[in-house]
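Take a look at this single chain in structure tokens; it is the form predicted alone.
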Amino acid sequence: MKKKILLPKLKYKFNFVNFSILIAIVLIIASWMFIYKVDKADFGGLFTEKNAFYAKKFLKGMFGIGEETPAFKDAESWKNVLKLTYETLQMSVMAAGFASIGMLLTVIPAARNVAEGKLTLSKKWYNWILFGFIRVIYIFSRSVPELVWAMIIIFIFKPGIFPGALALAIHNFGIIGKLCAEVIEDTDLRPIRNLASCGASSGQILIYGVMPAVMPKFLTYILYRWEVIIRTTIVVGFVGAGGLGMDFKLAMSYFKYSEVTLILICYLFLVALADIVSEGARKLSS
């Protein structure tokens, strides 16, 4: 009697990370092939004598070479740019504040576990309607770039830092809202069940069980987006939203390159300040 030889079954396990790396490599190769073969791009054209001349001229202008009084050596220029720096800081704080207030008012019903009734331990028929409605608002607000929001709002309000702050707030409201809603969805349910077993209401569960657990992460996301907002103020300034961005556009238009350097120095100061404040706030909340 012949014995049957049983061959081991080969099991293939799908690895998402390896698959993603493979797809990324394929896309990179395909992109460069398109650039060279289809678009016929010539990168040698970037390093021409003409481009070198304009780059040298621009860099000299930024360092004030050839100017009688560069902007970063003029007291009046410093006074004007520091005033605009303060306006830019105001705009960023207003934008982060408006976006955060909007997020706090809408984030609870935007969490999936609240809609399912797992977090508050009570199911309401309108939870899914609120969830879908708020999530659509989040998608819409963040899908429109800050510059487009600023262009729309400028038609309603006069140019200034308020339209810029409002445009930045609307865009970042959708981003912060989505991030914070996901934080609530990842909340540990054990303390919630303990409160519910003690007879706590839905409101008490949210105030005493959910909010203390998620606030440190909320603060981290809000401060992170505040840093991004500071850098983005230059973009909304291009359409008359005030701050350093508007002055940057004018300086580039009139070839005042040393003033561009001064504005970039002030932006560097603002970003460094935001980083220091964010780091300090995170240490206090942890």
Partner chain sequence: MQQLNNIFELNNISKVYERKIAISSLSLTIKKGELVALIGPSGAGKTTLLNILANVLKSESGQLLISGVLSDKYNSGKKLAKKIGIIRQQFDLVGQLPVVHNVLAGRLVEWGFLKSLLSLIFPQEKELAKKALDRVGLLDKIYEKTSNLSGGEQQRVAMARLLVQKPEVILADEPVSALDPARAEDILSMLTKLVREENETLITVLHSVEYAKKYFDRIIAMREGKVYFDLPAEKVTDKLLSDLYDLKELN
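Worth saying up front: this structure is predicted, and the values here are computed from it rather than measured. Positions refer to the first chain, counted from 1.
Below, we turn to the form predicted together with its partner chain, even though it does not appear here.
- Interface residue among 108, 175, 195, 84 relative to its partner chain in the model of the complex, by the heavy atom within 4.5 Å criterion: 195.
- Heavy atoms within 4.5 Å of its partner chain in the model of the complex are found in one stretch of 110 to 118, 67 to 75, 183 to 191, 165 to 173, which is 183 to 191.
- Proximity of residue 200 to its partner chain in the model of the complex falls within the 4.5 Å heavy atom cutoff.
- For residue 101, no non-hydrogen atom is located within 4.5 Å of its partner chain in the model of the complex, even though that partner is not displayed.
- For residue 207, a non-hydrogen atom is located within 4.5 Å of its partner chain in the model of the complex, even though that partner is not displayed.
- Proximity of residue 129 to its partner chain in the model of the complex: non-hydrogen atoms within 4.5 Å are absent; the residue sits far from the partner.
- No residues of 143 to 176 lie near its partner chain in the model of the complex, the criterion being any heavy atom within 4.5 Å.
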